[in-house]
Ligand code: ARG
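There is one chain below, alone, in structure tokens, taken in the form predicted on its own.
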């Protein structure tokens, strides 16, 4: 059996090489290219499931974020003599990203409410839209007035102005979800009976999804202004943005941008069967699998190493070290991974100006969360090794550290290998949580395909199958490794 001290360095070398050679996704390449030149960049954050303002489409076989808000951002960058960098993330992550300095501005159909003004500054208004009620086609006559929505089940996007409107409807049962695609899925699957939408966004959905329609009912004073959000106190950028917006207003350019975006948002005709669907959008899934495997591999490696160290600290005779290890394990096992991700990605940036990239935040979160569970697995394995093993090694003059490294730990890992393998599989599945902060992993790409095709089922089924294939392959590899380790036991 190969010794642990030979296996770990080999794994680290292979994974570090993979990380160094990995090309990254489009945004990362754009940022790196920009940083090597003298031309400054301006980073805009948006949620690209909000057609016609911002949405995904395929251009020359590659995914691209387009829309009227993107056109406005391009004009702002051009006037500033800067290169535009687009960061796509969930809508409710936009303001935390702006506050932590990860993006320079938000252009995502955002309404400058009093609550938001407490956290960010806003530019002048660039568009005023209306709010509408979206429902299923067979129920369109049912909601002629807002009174008809009293006590109804209503779907909205989390953190949006539509959520505030829905919460003001008497006795309404409001369901908030992350994306526009999820809101429409709630409606078409009859989990909610109506949804509050931005007017042009609702029109885009109606034009591309059968079975839904805009009801006659409309919220009172439903004209909703839109503005660009910037960091609190960043008056210089706000003034530069306002100069561009004034120029665009003078020529009615924003209305023209929305008209052009509406033409683009007609949606792509999705293949009729799931196999053709997968083949057409295989590039999205291939990119997502690369990120998922990279996150999982590094999360497994660092989780393994950290977990083993924490287990040894907990088993040590030093009370302080043991207390630190126990506290580490209990805190990480007792808090949700999503909370840990948000603290690492947004909290550290806001409080201590420690700004990890989205990929680094994802790897760190997966590593430390997994290490807490692996530490307990290792502890159980080490304590399961007969004490006579250590006594025999010490009686032969072997130092305790060497005995632990060459005799106890290899036996412990061998005995708990099935539990370790199960934790590795869990990491692959739980890596999907990093899509929340904009890592283009498999789940992120599946949602991008949902937005692109207006399909609610096929993208998710394909993602589930890919996750299943990855976990099955890992299970088989672990079984082979376990059999090789056990080969000597049968002699």
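What you see is a predicted model; the values in this text were computed from it and never measured. Numbering follows the first chain given and starts at 1.
Below: the form predicted together with the named molecule, not depicted.
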Taking heavy atoms and a 4.5 Å cut-off, does residue 198 contact the named molecule in the model of the complex?
yes
Contact label in the model of the complex: residue 100 to the named molecule, heavy atom within 4.5 Å:
no
Within 4.5 Å, heavy atoms only: does residue 50 come near the named molecule in the model of the complex?
yes
So, in the model of the complex, is residue 154 in contact with the named molecule at a 4.5 angstroms heavy atom limit?
no
Quick one: from 175, 411, 111, 234, grab the residue that has a heavy atom within 4.5 Å of the named molecule in the model of the complex.
111
Of 134, 374, 180, 228, the only residue with a heavy atom within 4.5 Å of the named molecule in the model of the complex is 180
Please determine, with the chain shown alone, which of 50 to 58, 418 to 426, 446 to 454, 432 to 440 has non-hydrogen atoms within 4.5 Å of the named molecule in the model of the complex.
50 to 58
Contacts with the named molecule in the model of the complex - residues in 227 to 250 whose heavy atoms fall within 4.5 Å
none
